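The chain below stands alone, shown as structure tokens; this is the form predicted on its own.
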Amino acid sequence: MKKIARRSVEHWTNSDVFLSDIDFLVIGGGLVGAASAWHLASAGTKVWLCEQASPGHGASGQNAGSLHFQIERRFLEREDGVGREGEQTAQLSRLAVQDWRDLERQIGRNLGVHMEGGLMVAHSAQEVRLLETKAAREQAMGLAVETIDRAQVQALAPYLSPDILAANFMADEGHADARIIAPAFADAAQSAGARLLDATRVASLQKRGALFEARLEKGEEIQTVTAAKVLICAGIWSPQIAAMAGLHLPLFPAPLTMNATARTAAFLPYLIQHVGRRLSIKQTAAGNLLIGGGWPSRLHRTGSGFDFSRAPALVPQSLTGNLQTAVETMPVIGEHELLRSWTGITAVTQDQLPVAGEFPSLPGLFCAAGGSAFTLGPTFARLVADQMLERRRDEADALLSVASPARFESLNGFMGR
């Protein structure tokens, strides 16, 4: 990679604006941003990781930590069933299985990764047919998914409802501790030489010649930096950052609800999902049962839109609906006390696919955000870092083609760049 001349800046100032040339600026300290900074710094480049709060403060630390490598229910609801995009996402899932299995060794820390299997269950004959179709597609993509009948489900997980007719079982699924993943990556990035700028807001971003110029603000302190390439990993704030550079990034807020029971003795080694209902259940190392699955919460409104700085409000119908679905799938959950419920905001596109890769209309600007950013996060980070480093670029481009920002080029063609 071509190196650029630099003048390093060691201190912030209240009165002056300094210029510092770096290789890469990563905006957003969630899982993908922190992991990308780690990969980039490990390659010997100069990287700054800019986070408006602290690593893992946003969706990366608010989700329930599911590692769901089976094709998701949201793809199964489409008119074309398990479509081409679902199959391409399954290809990324195959890579993500290996990335997660090797992560703790690479980072050198316990990340709470448990991959002992996952069950996606069905209550009706129609849902069973969907499971069988899904499993056939997944097997063709190299995912080790098998359909098991009612008796096999009960033998494997006797605590599940006897009304469950079948399930897809995948031995590689599981969960990780979402609260510690992003901070662990941020620590690893710093150990590799990256600079972490926490509590720092990006006030402007624009391309000047061959470089990107970003104005960074930490309270009243101001710093300007130029970078050869920029990666936007700011979750629901990503569209605002992209707009500073003059690009549309059509990500929309999806406020969700999660629940946790009081601790209980370990009995659930698997990730439980439902093929036809919004549901995910897993048990933490501490013994809490985490219950989620995509039930909405409510965003707070402002005069011109939504306030992403506030946690969404809990919707009572989502709470009761989620818990009822959980009890109907796993009756024993009804015996456990609900400890707490919380909300968070993730970002989704209209086509329900993530965004990962380079903007064709603005070379050097990359993005990694949107759906599946926890399960596929380490893989997105590795592949986007390869793109930015021009390392195995053709392979990375092909693998990320399903998520490429290129699908938004028809929108950005009107931006008059």
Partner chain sequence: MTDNAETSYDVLIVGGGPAGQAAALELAAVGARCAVIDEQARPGGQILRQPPVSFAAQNWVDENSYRPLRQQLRVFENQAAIAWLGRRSVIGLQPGPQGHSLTTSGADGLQELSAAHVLIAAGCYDMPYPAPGWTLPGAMGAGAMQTLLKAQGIVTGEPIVFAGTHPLMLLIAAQISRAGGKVAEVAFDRSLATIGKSMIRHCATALRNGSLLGEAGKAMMDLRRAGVPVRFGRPLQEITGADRVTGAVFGEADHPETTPCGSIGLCYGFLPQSDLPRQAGLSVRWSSPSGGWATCHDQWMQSSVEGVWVAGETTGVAGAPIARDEGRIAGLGIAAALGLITNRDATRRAAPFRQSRKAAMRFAAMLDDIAAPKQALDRVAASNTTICRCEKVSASAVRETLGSTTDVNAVKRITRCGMGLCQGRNCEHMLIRMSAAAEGRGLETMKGFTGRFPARPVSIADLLEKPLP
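Positions refer to the first chain, counted from 1. These numbers come from a predicted model, not from an experiment.
Another form exists, predicted in complex with the partner chain; not displayed. Remarks below refer to it.
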Open item on the list: Taking 4.5 angstroms as the heavy atom distance cut-off, pick the stretch from 282 to 290, 128 to 136, 147 to 155, 204 to 212 that is near the partner chain in the predicted complex.
Closed with: 282 to 290
- [ ] With the partner chain left out of view, choose which of I222, L95, M244, L338 has a non-hydrogen atom within 4.5 angstroms of it in the predicted complex.
- [x] L338
Task: The unique member of H68, K46, H57, R382 whose heavy atoms fall within 4.5 Å of the partner chain in the predicted complex - done: H57
Task: R263 within 4.5 Å of the partner chain in the predicted complex, heavy atoms - done: yes
- [ ] Answer yes if any heavy atom of E116 is within 4.5 Å of a heavy atom of the partner chain in the predicted complex; otherwise answer no.
- [x] no
Task: P183, heavy atom within 4.5 angstroms of the partner chain in the predicted complex - done: yes
TODO: Decide whether Q324 counts as a contact residue for the partner chain in the predicted complex under a heavy atom distance cut-off of 4.5 Å.
DONE: yes
TODO: Using the arrangement in the predicted complex, list in sequence order the residues of 302 to 339 with any heavy atom within 4.5 angstroms of the partner chain.
DONE: A311, L314, P316, Q317, L319, T320, L323, Q324, V327, I333, G334, H336, E337, L338, L339
